[in-house]
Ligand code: NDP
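This document starts with one chain, in the form predicted alone, laid out as structure tokens.
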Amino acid sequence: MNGKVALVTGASSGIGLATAERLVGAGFTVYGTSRRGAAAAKAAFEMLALDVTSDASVEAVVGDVLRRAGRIDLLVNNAGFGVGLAGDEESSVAQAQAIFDTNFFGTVRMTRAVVPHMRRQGAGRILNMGSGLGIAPMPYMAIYSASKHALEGYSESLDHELRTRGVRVVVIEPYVTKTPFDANLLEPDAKIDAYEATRAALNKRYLEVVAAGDAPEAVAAVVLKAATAARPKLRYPVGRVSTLQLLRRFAPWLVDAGIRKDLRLDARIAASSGVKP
């Protein structure tokens, strides 16, 4: 991959950092981004300041990389955030829009800024960081899950558009990953007392699930595989997502029952409301 240029958003920590380092090790010239930009002096790649919710910021960074490197061969859309577990009505519409503006429209902005250059090159690859929650529901994370579902549909449609022009679009689908993402979730901005007990119990359970999740390096290894495959697949599941995909397709009732059982949703709702599950 010597001579190949990669641009990785959200590269200051977690999956983004592990991905950027993995790509450097494979010979890519890597430019990482974050809202703050600056990285440690000994970083193996250069960090640039980027706000994916700003058209001007996106255009400026893509233009900067093109001036420096002359090309972009790989775009990894990794930047994203979510809200802590809460009922859907506990997040305002403004907060829901903010999640979509980063997780979905941030990817759209970056993709639209890079595609013209890849199209003129006749080659390029765009890797969008999806999630197991993009193929299955997650109660009490409805808006985040919706943003990842939207990313799945967008990526698949765009891959059909660009495939004959030498550009491929791929979705990476991690299951649960041990990253600072989970420690920096926003608090819902319209909390309701009726959800308080359920919210507290589910957050405790979620922390247990995250603690047993995949390391960021495991996701980065799959990213490298997708970035370098001669004939890339549309989707690259990580960890238990492969099993989840099969169950979702052939036994969706098991997925439904499994989610409720694992999170003890029926029991929690019965305890807080007095209604039998």
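Every value quoted in this text rests on a predicted model; they were computed, and no experiment measured them. Numbering starts at 1 and follows the sequence shown.
The protein also exists as the form predicted together with the named molecule; that form is not presented, and the subsequent description refers to it.
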Among the candidate residues Y195, F100, Y175, Y154, which is the single one with a non-hydrogen atom no more than 4.5 Å from the named molecule in the predicted complex? Y175
Among R68, K225, R36, K233, which has any heavy atom within 4.5 Å of the named molecule in the predicted complex? R36
Within 4.5 Å of the named molecule in the predicted complex, counting heavy atoms only, one of 142-150, 117-125, 160-168, 197-205 shows up; tell me which. 142-150
Within 4.5 Å, heavy atoms only: does L85 come near the named molecule in the predicted complex? no
Considering non-hydrogen atoms and a 4.5 Å limit, does the named molecule approach A79 in the predicted complex? yes
Whether A11 contacts the named molecule in the predicted complex should be assessed with a 4.5 Å heavy atom distance threshold; does it? yes
At 4.5 Å between heavy atoms, is V52 in contact with the named molecule in the predicted complex? yes
Residues from 110-146 in contact with the named molecule (non-hydrogen atom within 4.5 Å) in the predicted complex: M129, G130, S131, Y144
